[in-house]
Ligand code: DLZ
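Below, in structure tokens: the form predicted alone, a single chain.
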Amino acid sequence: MTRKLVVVLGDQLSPALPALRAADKARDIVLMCEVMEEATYVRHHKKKIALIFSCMRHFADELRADGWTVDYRTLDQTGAAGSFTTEVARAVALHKPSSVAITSPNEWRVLDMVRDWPSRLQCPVEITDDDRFISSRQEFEAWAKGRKQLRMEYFYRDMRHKTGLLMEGDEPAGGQWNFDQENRKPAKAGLSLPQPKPFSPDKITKDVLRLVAARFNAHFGDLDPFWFGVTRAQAEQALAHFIETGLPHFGDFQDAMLEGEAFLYHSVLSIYMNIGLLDPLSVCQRVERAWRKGRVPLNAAEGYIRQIIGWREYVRGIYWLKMPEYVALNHFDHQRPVPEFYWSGKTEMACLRAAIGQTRREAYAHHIQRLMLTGNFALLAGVSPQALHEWYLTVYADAFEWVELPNTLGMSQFADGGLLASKPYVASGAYVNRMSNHCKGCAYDVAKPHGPKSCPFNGLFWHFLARHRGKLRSNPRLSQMYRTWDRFTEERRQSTLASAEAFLASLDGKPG
């Protein structure tokens, strides 16, 4: 009997996967495998490993219930040297398929591996484009061709036209494409803050949690409590819960930060979208319906939809357009290692202590914590963008290279020299003080511009601008900052730089 071996990866947990749609459940065999190579190419957060393994096991059961034959290999079966290639080779030898079929992996590293399979396996390999994204890689390449600047805003407008989301004919709903100006409110006292919908671990998840505790105990992060959904049904429940409880205020406070509040009005649905349990376009359609029914304001619906059909699709396009060279870019030649407190959370800076502590507990931080706290600090301090990229890939449950790398190297660290962002996203302590309440309980004084007790963001901000003036002075979005710096007295400039250099020396374990 002629049959295919259909390989399903841990971030492809969708019955609408192209390779599954093209297969015949009556004769073809699905291969899924937990392999040490994928669990350890970076030392992933314990919760991330548990999430993916549990979701994989549940999806395998879903496929079996739908009539598929599934060859599922657990980590105990694949062993310490297990890899995708060794497992596919084993399955080919066992099942003797006429061909291997796989939906194109979304990480360059894995696709490069798959491209080597035909010669390694001596078996034909069919690689099908992943059409779970709104814009194909070919479409994005065509959009980018000939453009001097690849700005997300214009790509986003094209995605609005393509999907029809939040459109009134050819015009955007509400008369404007972007409501970002309404979405930058700091959180205030007395807000009723919802929580993402939690789920209790079932037997499958409990087995996975024991496995992870035994095999990955030295990895970063806390394993308990584990509350993530692990099935498509649970992911759908989490979506419905967010639309009902979080989305109405998401727009207003999406950039806010509060001490002791990990989630505010954020959905925490990226983990489900990025592994295939939720379809991103369907999520956006549900959000749009909530707006059209009057259940959420337009600025909330637009802000959320823009993150998905705009930003998420855009960074994937950038990733495939520019890889594999993109990962090595380092516009400022920053070389400092990731500070030790990024792993331990032990720092007197209250905002970073909160964001990193939360990351340890939840394998999650929202986009402003990533961009304007850990990302901002790393850029100001001159941390290697490649080292920071590996840190982000390690610590967040929703981090896969196609989405994380452009966000880190491009948006957060400006390592691509402005391909993705129009300016470096740097800020002093004033921004943190405006958008959060962290500064009230901090050992440092955000109001002090320099000195040993001044907020480190203050001195580092000006130190960054001063040392990279040659590369940034022509950027029109920074010209006002340089005029302000030039108006400072020479004494203030020197005191500011000295404060920053003393802090950086302490960061490196050197006397100030």
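One rule holds for the numbers: they count along the sequence shown, beginning at 1. What you are looking at is a predicted structure, and each value in this text was computed from that prediction instead of being measured.
Although not depicted, the form predicted together with the ligand is the subject of the following passage.
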*Evaluate residue 289 for contact with the ligand in the model of the complex, applying a 4.5 angstroms cut-off between non-hydrogen atoms, and reply yes or no.*
no
*Residue contact check: residue 9 to the ligand in the model of the complex, 4.5 Å heavy atom*: yes
*asked:* Using a 4.5 angstroms cut-off on non-hydrogen atoms, would residue 444 count as touching the ligand in the model of the complex?
replied: no
*Though only this chain appears here, would residue 253 touch the ligand in the model of the complex if you measure heavy atom gaps against 4.5 Å?*
no
*Just one of 472, 52, 63, 460 has a heavy atom within 4.5 Å of the ligand in the model of the complex. Which one?*
52
*Listed residue that, although the ligand is not shown, lies within 4.5 Å of it in the model of the complex (heavy atoms), from 105, 221, 317, 276*: 105
*Judged by heavy atoms and a 4.5 Å cut-off, are 173, 296 and 302 together in contact with the ligand in the model of the complex?*
no
*Could you tell me which stretch in 109-117, 200-208, 332-340, 228-236 has residues with non-hydrogen atoms within 4.5 Å of the ligand in the model of the complex?*
109-117
*Taking the ligand in the model of the complex, which residues of 76-101 have any heavy atom within 4.5 Å of it?*
84
